[in-house]
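The form predicted alone is given below as one chain in structure tokens.
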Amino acid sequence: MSLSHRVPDLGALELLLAVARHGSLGRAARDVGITQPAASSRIRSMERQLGVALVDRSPRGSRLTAAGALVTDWARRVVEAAEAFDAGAQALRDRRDSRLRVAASMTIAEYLLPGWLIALRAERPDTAVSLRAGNSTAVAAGLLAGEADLGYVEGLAVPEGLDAVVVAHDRLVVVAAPSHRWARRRAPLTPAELAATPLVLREYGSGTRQVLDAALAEYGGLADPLLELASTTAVKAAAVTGAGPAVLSELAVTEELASRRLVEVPVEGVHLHRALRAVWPTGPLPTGPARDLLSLARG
């Protein structure tokens, strides 16, 4: 049942309580931070709303009428209940703001999130942050199970049950050790060559694997992998030691390419770009620390 239109708002009730405390409309106005004309207008409006006189005004001051005294007693209980409500809501916000649970796919967790979390720490030094890294499928499952407040994924599409916003873009690159024959190629690889060659790969469910599978589907799909590993760091280490060529995020191999521990192998005719997304359960935008981290990631 909705409240009657005759119920005054909290501001008006607080003003009436101030009049009861001070016995003066002017002092009551100063107490609640408004001008005396505004206070007079608000009292008259409340009297019209309730249909009774609340305050007797005279050169000696303002005093409550009998009806005003009764309404003031009711108003005190309403304001006290509102204050308790506000304190409870603040306690909930403080509890929410005291921690932030983040789930992120490997590339984002290793190469982008550290910078974002350092910036968040500067804004919210009292917020405890926990980070769980996994593949994009695991990140989505954790969010839907209520185990994380905000996630970051690298796959082609937004997982079902989640809302998302793009926070960055990434390019996958084919890399090999300098000793590998591909490192000495003059001509770019074709998509068919890439698809037919056993590679060191991330596991199914990772965003990197999803993008690569989709890009090479029309060329017969990926050959059976040389190695299938569960982290970007492990794939990179295997490629550096010469286990075989790999496909990795450009973010992950910047240092290795600069130091020539890995060599980028050009590929033509295949799209290996992807969007990196922040995700959260379908519904309202994140609030509190999760909202702030999302803003930092979006720049």
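One rule holds for the numbers: they count along the sequence shown, beginning at 1. Since we're looking at a predicted model, the values are computed, not measured.
Not on display, but discussed next: the form predicted together with the DNA.
Stretch 38 to 46 is the answer when you ask which of 257 to 265, 66 to 74, 232 to 240, 38 to 46 has residues with heavy atoms within 4.5 Å of the DNA in the model of the complex. 25 is the sole member of 20, 25, 276, 13 with a non-hydrogen atom lying within 4.5 angstroms of the DNA in the model of the complex. Not displayed here, the DNA is approached by residue 61 to within 4.5 Å at the level of heavy atoms in the model of the complex. The closest non-hydrogen atom of residue 52 lies beyond 4.5 Å of the DNA in the model of the complex. The closest heavy atom approach of residue 270 to the DNA in the model of the complex falls outside 4.5 Å.
Although the partner is absent from this view, residue 34 contacts the DNA in the model of the complex, with a non-hydrogen atom inside 4.5 angstroms.
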